[in-house]
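One chain comes next, on its own, written out as structure tokens in the form predicted on its own.
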């Protein structure tokens, strides 16, 4: 599943949710086809492989209990945004996922997080918010409301930069862009509006630009700890270019979860318990 393990420079803390109840029972993004069905046992094996890889890299993994009737709860990244130990909760766009927001906030409160915020505006956590050291990149267009960007900025005390998604295949920011370091990102330009492409070029002139082929297998739904990149096994070209930049690349098989439009990042909510 993975290449030789290179420990992370700084261990991360991730929250994950076992896909015990995973299914595709409705359609809320272009990836989902209820008629195609899923192999839940295979999805669990793939998820366990991802979790075990994080542990082998020296990261800490906490788990939230899955809830029957919430088949997409496995996509923990959508459950919140955590910056400096402050938890900005999620308010889902679809009725099917709405109960996940309170469930994730309950977990944080029970885990001892004292600064939490139940949002007024629709947002889907790290699906549409990606934190760097000094700013948060945030997307709107398909799920998260632009007003949520301002709400998150006020609560977190960190500047939020708004980006517009333009391709429904890439309905969340984390399907179109991932963070490599505080001054470098990887993204697929075609997922964004013309204006947002200009913003990204200005902010990150050294960004790694992914091809449509790699984006189309959710190659950008990846997780980087500063040294290691966990990425969809099918994103071969992107993996090759990351290795050329000096990253240790860990391809993972998550195609069963991709039937619902998710990959490694969707399954992984980073808990930034201390200042990054």
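Numbering follows the first chain given and starts at 1. Please read these numbers as outputs of a predicted model, since none were measured by experiment.
FYI, the form predicted together with arginine isn't displayed, but the following is about it.
Mapping the unseen interface onto this chain, residue 32 counts among the residues with a heavy atom inside 4.5 Å of arginine in the predicted bound form. Under a 4.5 angstroms non-hydrogen atom cutoff, arginine in the predicted bound form lacks residue 139 among its neighbouring residues. Using a 4.5 angstroms threshold between heavy atoms, residue 28 counts as touching arginine in the predicted bound form. In the predicted bound form, arginine sits beyond 4.5 Å of every heavy atom of residue 254. For arginine in the predicted bound form, the listed stretch (73 to 81, 183 to 191, 148 to 156, 104 to 112) containing residues with heavy atoms inside 4.5 Å is 73 to 81. Contacts to arginine in the predicted bound form (heavy atom within 4.5 Å) from stretch 144 to 181: 171, 172, 174, 175.
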